[in-house]
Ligand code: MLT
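Listed next as structure tokens is one chain, alone, in the form predicted alone.
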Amino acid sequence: MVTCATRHYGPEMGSSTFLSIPIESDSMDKNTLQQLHAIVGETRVLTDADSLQSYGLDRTTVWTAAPCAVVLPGSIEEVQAIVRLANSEDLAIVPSGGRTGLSGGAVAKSGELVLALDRMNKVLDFNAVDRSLTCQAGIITQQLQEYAEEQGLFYPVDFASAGSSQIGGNIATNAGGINVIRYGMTRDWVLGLKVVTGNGDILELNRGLIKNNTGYDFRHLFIGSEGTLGIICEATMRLAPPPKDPAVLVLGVSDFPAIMDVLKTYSGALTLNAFEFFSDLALDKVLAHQPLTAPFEQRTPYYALLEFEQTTPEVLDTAMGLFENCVAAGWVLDGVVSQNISQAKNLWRLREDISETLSFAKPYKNDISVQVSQMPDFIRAVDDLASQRYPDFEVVWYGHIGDGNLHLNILKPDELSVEEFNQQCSSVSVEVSELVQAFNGSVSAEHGIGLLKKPYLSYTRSETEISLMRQMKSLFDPKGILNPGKLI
């Protein structure tokens, strides 16, 4: 017997209950599986335990995978047929990309059907004049980047999981990453989308246009919607000229407020591709698990990582002059600049390998943002709170300082179970969220809401906004079959 999930609405819009209902294999369940086989083929409907486990979770560790099956469509027409079948059978669907999310957005824990886009991974068109490409949603982010590079162009949205995340998931969560200070979020690079809505309609949105002033731009509703309004199947992405001879500079900084002085100094004189930071404890964790060395002999409380283009020989001279000014001011204690591509990659790994390194400690993650100007006061307030509430826990800071995005990671002590640890951290997350609200920030800067952040959404969004979000969900997905229980 396979458990499938149905959706039942209460008396008020949005007051829904998600139920896991066992369906006998000789009745509806058998019929549903036969219809799925007819749509995609028998080998592309998976029900074995390993597949259910693999496809049923993202990178969160809070929930247990429990989908009823996994279906692997190969075209937008097959996706449409699956969604229409799900509507007729009251079957809940969890859209699944690379499953690299950290908020439980791709978790199937209650008998849902996982719709995985792995087979839809092709580049469909490239336009050199428009500097754009059209691809299926299942293409790996790194593959899109490499394709752009082969054409002499650049796809700038980049992050640690680019080698396994899919572009559809990036769009559904409006992924950010390390280059936001220069290039913006995923939203800024989406020229068009093809989606299948929750009631099975195919929408072609914006058609790759730069200018299209014809009313509501539904494209932007689906960007960041976490698979709750429709399933993104194809995307037309804008590309950019590649950066010229990028250099990476790592600076040892005396304290966090000094990082802001360094940011102001460098951003006022150079065009920065990235401005990242990490704590000495974060560096310790990376060096303990990766074959890397410290950037310089002196250890400092914080580190800033900057990337900039050497468009002229004078740019590096300017960067070194700014370095000397920062040292003279007492903000910077030491520094190193890359001399070649290999060194640049290794310096980047000091920052990019943090998330993977910390995964061994099953961290409780807070992905939060405030205005850049408020970061020193905000991080001081959160540090004070963390020291009071987590006196015996290791607290690791890193993030995208140039765009106001902080990653606060609480590491699980060995003596605590995951359940006990998450319970302690979630209770303090309310206080962290209250601080975020007081600073007019966001409880999720780039990882989305999913299941994990849903209890804290009201600290960033008003009751009116959440009500409108529910109404939007009802409009595009009237039966509530798409990613139920996520976001709202």
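Note that residue numbering begins at 1 and tracks the sequence as displayed. The shown structure was predicted, so the numbers you read here are calculated from the model rather than taken from an experiment.
Omitted here: the form predicted in complex with the ligand. The next part is about that form.
The stretch that touches the ligand in the predicted complex, counting heavy atoms within 4.5 Å, is 347-355, out of 379-387, 347-355, 77-85, 105-113. The contact residue chosen from R219, K285, R99, H407 relative to the ligand in the predicted complex is H407, the criterion being a non-hydrogen atom within 4.5 angstroms.
Interface residue among Y398, Y303, F275, Y364, judged by heavy atoms within 4.5 Å of the ligand in the predicted complex: Y398. Although the partner is absent here, H447 sits close enough that one of its heavy atoms falls within 4.5 Å of the ligand in the predicted complex.
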